[in-house]
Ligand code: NQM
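Listed next as structure tokens is one chain, alone, in the form predicted on its own.
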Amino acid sequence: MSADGIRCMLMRGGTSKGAYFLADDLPGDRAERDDLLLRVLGSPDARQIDGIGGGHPLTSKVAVVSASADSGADVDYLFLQVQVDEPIVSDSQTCGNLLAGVGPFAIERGLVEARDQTTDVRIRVMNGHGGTAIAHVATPGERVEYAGDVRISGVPFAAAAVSLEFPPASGPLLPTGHATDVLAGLTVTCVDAGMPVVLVTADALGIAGDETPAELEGDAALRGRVEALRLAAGSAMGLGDVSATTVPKISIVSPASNGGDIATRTFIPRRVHTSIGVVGAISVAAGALVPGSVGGGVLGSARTGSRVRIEHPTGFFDVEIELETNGGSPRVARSAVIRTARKLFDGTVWPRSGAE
């Protein structure tokens, strides 16, 4: 690691943006690493004016990548959420959007050799239940292809597609063991298909479900009910005291109105997502398919095949998902999504001084 600057690649992955680092370029001590990342991103400060963060949870993210010692993976990926206005760096969740950039980054940094046309990168996720995802990256010749014609909702411009496949999560899909629970006075479904999520209907909260993120964030009474539900769900889902963590997410579901299967507004946890997270979307889709769940009550009856189209504030998100029950507890047999990723810059980032 340089005494002055640190090698860094800024990438858009899906509908998020973050700083990508090789693990060897960061301090090995966790406290030193977190302090450095706060200074790199510019936290704590609502504007992150003295760092490369974008002043929003979706643009204050970090991916730490290294060669994997696991024979079943090529690289390890640790996601870190850097709080914008608090000096907190959390590894309590993963990020499927930044995951879309891990394959290209690993190829660019020489951790994986590019193959002709498409390079498959096996990525071991180091957060939460972990597991391995497979990223299919377009690699004409010996380079990563970033230009393309694929558009995803929440990103105004086209880029090259990155297909992500996910194996079943190792933990139970229903952490409480029930399709529904009553928490904080609300009937909800607690689900974890790689991201702990609580599904609650818009009707139960007395809203329409089509409000903008700004409208929801501006409703202090609603925010209070959502946070009370989140704290109760954290305990019920075996996550303990979640007051200082970013999980579980609260996803408000309602009937789709624009050709999708289900509509969502997701607290992440105190801001409202302008779209929806990748692994969060998988959890929402899985939860909605569980018989008797609150999501199942609003899931469109016209859904066919394995695709679930989830509407969100800036468009839609398609999840390919297959659920198995076999007379026992439901589990996700397979899930896959399409994202895009693009390298924004590659160079050296200069963190502010540690002196206050």
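If you're wondering where the values come from, they're calculated on a predicted model, not measured in any experiment. Residues carry their position along the shown sequence, with the first being 1.
Below: the form predicted in complex with the named molecule, not depicted.
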*Contact test, all of 289, 293 and 330, partner the named molecule in the predicted bound form, heavy atom 4.5 Å*: no
*asked:* Exactly one residue in 279, 82, 285, 233 has a non-hydrogen atom within 4.5 Å of the named molecule in the predicted bound form; which is it?
replied: 279
*Which residue among 169, 121, 195, 262 has a heavy atom within 4.5 angstroms of the named molecule in the predicted bound form?*
195
*Is residue 251 a contact residue for the named molecule in the predicted bound form, using a 4.5 Å heavy atom cut-off?*
no
*Does the named molecule get within 4.5 angstroms of any non-hydrogen atom of residue 58 in the predicted bound form?*
yes
*asked:* Against the named molecule in the predicted bound form, would residue 335 count as a contact residue? Criterion: heavy atoms within 4.5 Å.
replied: no
*asked:* Residue-level contact is defined here as any heavy atom of the residue lying within 4.5 Å of the named molecule in the predicted bound form; does residue 95 satisfy this criterion?
replied: yes
*In terms of non-hydrogen atoms within 4.5 angstroms, which of the given stretches 216-224, 268-276, 253-261, 111-119 touches the named molecule in the predicted bound form?*
268-276
